[in-house]
Ligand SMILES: Cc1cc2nc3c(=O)[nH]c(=O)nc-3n(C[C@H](O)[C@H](O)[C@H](O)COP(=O)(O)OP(=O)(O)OC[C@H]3O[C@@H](n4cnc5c(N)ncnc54)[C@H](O)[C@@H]3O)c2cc1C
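The chain below stands alone, shown as structure tokens; this is the form predicted alone.
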Amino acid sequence: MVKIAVLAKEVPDSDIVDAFAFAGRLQIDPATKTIRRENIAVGMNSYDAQAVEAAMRLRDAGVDCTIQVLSVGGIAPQALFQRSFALGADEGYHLVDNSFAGVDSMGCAHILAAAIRHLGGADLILCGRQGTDYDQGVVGPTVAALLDIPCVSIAKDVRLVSPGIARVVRAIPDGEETVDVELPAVVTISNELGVPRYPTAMAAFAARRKKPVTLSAADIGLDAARVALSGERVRRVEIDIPKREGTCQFLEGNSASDVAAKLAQALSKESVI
């Protein structure tokens, strides 16, 4: 049986963040240099949702597999795990500890790598290409480095072509690239995979009865000092909210065609068309 681990992250809803920023309501915590999340809904990172979808497609293709979902910290992780269970994940692991608060990407990768070792390893580790909050895209490759296994990034398709071999189609600037990688390996999934499926109402209801296993730093044999806030390798010095300004111009005319002609002329002048 193939053991698949999916790394998932909880992030603020990007649409709400944009709306708050445009309305001038988005605030930055001056102490932590992070976005204040009050009144901002959170959920699974969209790229990670596609990683879950990639795991489900492998199962649909006939791969006999166990799918585990691992997530570090979070404000309301039950929504993330319930969605994963509803889609078909077999196991969920919530990695939470006081020492995990405020960890950077390197610290998060250490936590996930230690958890995967604690759980007996994985044949295939899937994760999103990046988080939609800070867009760094380093956790997946760093987990691969810590586990000393290969990493294939920005995948639009993943298939098992033989025991121990995965065929990955990568999205590249000029098209796509197909590579074969020996397992165990990490594969980061991109949005080119396609729209993730939605769970059925019955599956979503059944998932409410399932709970993830909570694991602390001690449980996974990880030195808390290694990932503590004081031990960050990357420190966020400042974060700013760009000013968003817009102008609105009303076009008047004797008819719809007259207004349309003026609109076309204005767009042409701005080199939009």
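Small disclaimer: the values here were computed from a predicted structure and weren't measured. Don't overthink the numbering: it's just position in the shown sequence, from 1.
Form predicted together with the ligand: not shown, discussed below.
- Shown alone here, residue 236 lies within 4.5 Å of the ligand in the predicted bound form, counting heavy atoms only.
- Proximity of residue 130 to the ligand in the predicted bound form: non-hydrogen atoms within 4.5 Å are present.
- Proximity of residue 70 to the ligand in the predicted bound form: non-hydrogen atoms within 4.5 Å are present.
- In the predicted bound form, at least one heavy atom of residue 101 sits within 4.5 Å of a heavy atom of the ligand.
- Only one segment in the set 168-176, 134-142, 192-200, 152-160 has residues whose heavy atoms sit within 4.5 Å of the ligand in the predicted bound form; it is 134-142.
- None of 181, 108, 114, 89 but one reaches within 4.5 angstroms of the ligand in the predicted bound form through a heavy atom, and that residue is 108.
- With contact defined as any non-hydrogen atom lying within 4.5 angstroms of the ligand in the predicted bound form, the contacting residues in 26-59 are 32, 34, 45, 48, given in sequence order.
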